[in-house]
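Form predicted alone, single chain, as C-alpha cells, below.
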C-alpha cells in the first residue's frame, strides 16, 4: 500500500533524477528505468506518475520553468522602478542555478526537443512569452509602446544568446559577464532613445 503524502516527494525525486541523468549523458538517451533507479523508486511507479519518458521530460522542463519563474518573481518583488524590473529579469535568467551543469544539459535538450515535439515547443513558447511580456511592460514605461516591442525582443535575444554562449564555453560559465553585457545593451538602447535609464 502506498504511503500517503509520498507522491509529491517521489515526483520531485524523479524530476531531479531526470535532470541529473540528462546532465550525465548530455541527451535524452536515458531510460525511465535508469531515471527511476537514480530516484530510488521502481520504473513501474515512474510510469504510473508520468506515463512515459516524454511526459517525465516535459514535467522536468515545467519544473525548470517554475524555478526560473520563482527567481524572476523574487527579483521583480524587490524592483522599485521599470529599469529595476528589467535588471531583475536579466539576473533571474543568469542566476547560479541556471548554470549548474545538469541544468544546462536539460535546457539544451529542451531547446533541441522543441524542434520536433509540439508539447516541448508549447512549453518553450510559454517561457518566451513570459519573458517578452515582462520586458515589454518595463520598457513601455521607459520608452513607449513601439520601442518597447523592439527592445524587449532584442533584450530577450541577447539573454538567450549569451546564456547559450556561456553555457557552452570552455571552463565554467561566467554569468556575471553575461549580465553586464545585457545591462550595457539596455542602458545604451535607453540612452540612444533619450530616455532615463532608471
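In this text, the rigid core denotes the largest set of C-alpha atoms whose superposition between the two forms falls within 1.5 Å. All of these numbers come straight from a predicted model, not from anything done at the bench. Numbering follows the first chain given and starts at 1.
Here the subject shifts to the form predicted in complex with a further copy of the same chain, a form of this protein not shown in this document.
Examine residue 189 and determine whether its closest non-hydrogen atom to a further copy of the same chain in the model of the complex is within 4.5 angstroms. It does: once a further copy of the same chain is placed as it appears in the model of the complex, residue 189 has a heavy atom within 4.5 Å of it.
In the model of the complex, residue 184 touching a further copy of the same chain (heavy atom, 4.5 Å): Flag for residue 184 set to yes.
Contact test in the model of the complex: residue 76 vs a further copy of the same chain, heavy atoms, 4.5 Å: Contact check for residue 76: no, nothing within 4.5 Å of a further copy of the same chain in the model of the complex.
Mark residue 33 yes when one of its heavy atoms lies within 4.5 Å of a heavy atom of a further copy of the same chain in the model of the complex, and no otherwise. Residue 33: no contact with a further copy of the same chain in the model of the complex.
160-168, 137-145, 62-70, 37-45: which one contacts a further copy of the same chain in the model of the complex at 4.5 Å, heavy atom to heavy atom? Going by heavy atoms within 4.5 Å, the stretch is 160-168.
Going by heavy atoms, what in 138-152 lies within 4.5 angstroms of a further copy of the same chain in the model of the complex? Heavy-atom contacts within 4.5 Å come from 150 alone.
Do you see a C-alpha shift of 2 Å or more at residue 33 between this form and the one not shown, with the core held fixed? Superposed on the core, residue 33 moves its C-alpha 2 Å or more between this form and the one not shown.
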